[in-house]
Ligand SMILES: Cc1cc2nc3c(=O)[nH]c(=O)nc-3n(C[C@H](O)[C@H](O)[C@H](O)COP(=O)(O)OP(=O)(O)OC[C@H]3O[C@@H](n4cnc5c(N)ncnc54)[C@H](O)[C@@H]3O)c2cc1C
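Before any questions on how it binds or moves, here is one chain, the form predicted alone, in structure tokens.
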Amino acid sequence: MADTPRTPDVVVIGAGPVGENVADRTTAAGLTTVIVESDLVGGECSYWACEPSKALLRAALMRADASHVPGLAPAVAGPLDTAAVLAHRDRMAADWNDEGQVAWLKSAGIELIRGHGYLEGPRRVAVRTADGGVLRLRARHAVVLCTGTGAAFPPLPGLDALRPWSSREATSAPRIPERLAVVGAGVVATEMATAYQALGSQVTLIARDSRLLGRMEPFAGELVAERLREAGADLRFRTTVTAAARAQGPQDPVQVTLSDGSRLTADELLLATGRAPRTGDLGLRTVGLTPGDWLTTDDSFTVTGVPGAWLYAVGDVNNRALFTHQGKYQARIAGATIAARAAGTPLDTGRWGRHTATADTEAVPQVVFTDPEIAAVGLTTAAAERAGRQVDVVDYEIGQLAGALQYRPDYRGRARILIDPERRTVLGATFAGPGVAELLHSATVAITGEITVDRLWHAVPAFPTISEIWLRLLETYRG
């Protein structure tokens, strides 16, 4: 009968990197898997976040480095080729065409259904297709929600008429506005301020906080603010937007009123003020959950409060660690858990070992691709204090390294590690400076491997590289 639901083993809602990885794991385990997507296969990261944003930033960061190298500075003194940068951005976003991702799903044996998927009860999923029809599925073993997040805008009056940018518009804009106002102080705000100032916009950044990147070590935000000001950006701290309005024409500027009484005019207004879970239209009430809420899970990414261990929430939607790499890590664990439960095998055995996430709380690596780069993993000093953890704080100026001076003769940067004084292991690391992103994985391995500082002495960094910072930090700690 037409109304009889199809019965795959697993239904995944959301075909971003997280959903793709869950589906890949369950399919590889022999489970028939259907993935449902209402937008582009490949998700936010591929088309509106990681890939296009880094493409916009690449030329800006390369020029910033080159302009400080003796003999090279005159060659990069002119403006960036904006058209070439935008064309590179378009290529990295695959021109917003998901044919390649769709082909990969097919090659992996994963069935794609286009449409909006939502729950209709335990293990039951309905898909509203583009032609207005509804396709019904009943998962034998698992339904996995991988719907991610969307922009969370502040409660400004007349928001629809204002037509502000979210991160999506900022990373996909077809042209560079002459004046860009950025509201926010986090990663999206600082990265897009860096990119657009370099690409020719006059950027005004409006932050209610007293500094940038408030969740990281204070020196990180201070260095980024310093470089943004040097590049010509206007930074307004401890300030909020009290009103904003745009005339009806699509090219009309935005008039912005600030809490200090000042006003400014911008061609575009980017609201980089946070993220909210895409759970409002997933049918959560049919399984006893609240639409619009973050989804709470255990460490296998099984949703708590839903009987039967069949519903999973993986990636940003669970609010554990909102990064693509962490979502893919979660996907591997969730996929292995689903496969083990379907086979009736214990969760602490098998190819992937224990089916329990630990990296979401102990060692979450993050890079902010500003000038300078910021790379951090594990605890910050403030987080350690909040958690009541005693730590030894070890700082070193990266610009004192020969490798850093080869990178830039006027290198400005700083490194900090936090050490557990009893166990003598690294609990956190933050690096701020040009080229520090490549230091991050060594710090992540040190933290997750619980390597003592006594053993780290035998991990000898090459000279002259910036990785020599590890030696200097250990020398500083030993005194």
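Quantities reported herein were computed from a predicted structural model and do not represent experimental measurements. A residue's number is simply how far along the shown sequence it sits, counting from 1.
Below, we turn to the form predicted together with the named molecule, even though it does not appear here.
A.B. asks: Pick from 433-441, 48-56, 417-425, 25-33: which stretch has non-hydrogen atoms within 4.5 Å of the named molecule in the model of the complex?
C.D. replies: Result of the contact check: 48-56.
A.B. asks: Could you tell me if all three of Thr381, Thr452 and Leu456 have a heavy atom no more than 4.5 Å from the named molecule in the model of the complex?
C.D. replies: Contact check failed for every one of Thr381, Thr452 and Leu456.
A.B. asks: Looking at Val254, Leu235, Val188, Ala198, which has any heavy atom no more than 4.5 Å from the named molecule in the model of the complex?
C.D. replies: Going through each option in turn, the one that passes is Val188.
A.B. asks: Answer with one of Thr149, Thr286, Gln202, Thr82: the residue that has a non-hydrogen atom within 4.5 Å of the named molecule in the model of the complex.
C.D. replies: When the named molecule is considered in the model of the complex, the option within 4.5 Å is Thr149.
A.B. asks: Would Ser38 sit within 4.5 Å of the named molecule in the model of the complex, counting heavy atoms only?
C.D. replies: Although the named molecule is absent here, Ser38 would touch it in the model of the complex, with heavy atoms inside 4.5 Å.
A.B. asks: Is there any non-hydrogen atom of Trp104 lying within 4.5 Å of the named molecule in the model of the complex?
C.D. replies: Flag for Trp104 set to no.
A.B. asks: Is Pro372 part of the interface with the named molecule in the model of the complex - any heavy atom within 4.5 Å?
C.D. replies: Outside the cut-off, so no.
A.B. asks: Does the named molecule come within 4.5 Å of any heavy atom of Gly335 in the model of the complex?
C.D. replies: No.
A.B. asks: Looking at the named molecule in the model of the complex, which residues in 302-316 have at least one heavy atom within 4.5 Å of it?
C.D. replies: Those in contact are Val314, Gly315, Asp316.
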